[in-house]
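Just the one chain here, the form predicted alone, laid out as structure tokens.
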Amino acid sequence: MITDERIVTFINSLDTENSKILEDIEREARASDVPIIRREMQSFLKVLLALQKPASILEVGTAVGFSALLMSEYAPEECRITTIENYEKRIPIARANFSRAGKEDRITLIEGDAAQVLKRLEGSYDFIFMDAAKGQYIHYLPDVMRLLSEGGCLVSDNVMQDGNVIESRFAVERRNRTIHARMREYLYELKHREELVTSILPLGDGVAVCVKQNAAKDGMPARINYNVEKGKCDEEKT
């Protein structure tokens, strides 16, 4: 928990329930220890979708389909959602949930490793929601940037890693140092890419919200080289 638990509990107590199908899926997921986006993140997504009104959404990390279904309820009726999942045991559950909700025509689930699937995707998306393997965010970013439309919104969930991301790499368990370094690199790049306007918020387990604007002034994006030892990046123009 990176925010005061009492404050979060109070805020969530003011919230209204989701639709019955979403409440049922969330309850089933929690009973099976499947991670579901937190209540405060759910509310935040609803607001972003109301502001953005996307015609197309890409989700990286379907799990059992909860967040895709939530977005389908709060995006415009004509909005189409593409979601990617690699965990074989969850794919049939997600498909069944889409069928239960009657959303098979609005949500397309692509099976496979997101790193490979993203490379094959074409076109553009107005809204991209990242909620997959956190250590892979930095590797997904080049294709995510290619697929994100100008003026589009990129939302990355769970970027604070229960607060570990703020710690020195030497204070993090050795087995977690790679993901720690990759997330710090990811956040730095989001904040320093000239074509992105980014805010990192202490909401839930941390969320980064980016809007893609015009390309860098010289027509080329900056190259970001993250230095793990220095804890910062060296930037140069390509």
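We number the residues from 1 along the sequence you see. Worth saying up front: this structure is predicted, and the values here are computed from it rather than measured.
What follows is about the form predicted together with a small molecule, which we do not show.
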* Within 4.5 Å of the small molecule in the predicted complex, all of 63, 113 and 132 (non-hydrogen atom) -> yes
Exactly one of 84, 75, 107, 128 comes within 4.5 Å of the small molecule in the predicted complex through a heavy atom, and that residue is 84
From 48, 209, 37, 203: within 4.5 Å of the small molecule in the predicted complex by heavy atoms is 37
Here the chain appears without its partner; judged in the predicted complex, the stretch of 146 to 154, 99 to 107, 132 to 140, 119 to 127 with heavy atoms within 4.5 Å of the small molecule is 132 to 140
Review point. Is there a heavy atom of residue 189 lying 4.5 Å or less from a heavy atom of the small molecule in the predicted complex?
Key: no
Are any of the heavy atoms in residue 95 no more than 4.5 Å from a heavy atom of the small molecule in the predicted complex? no
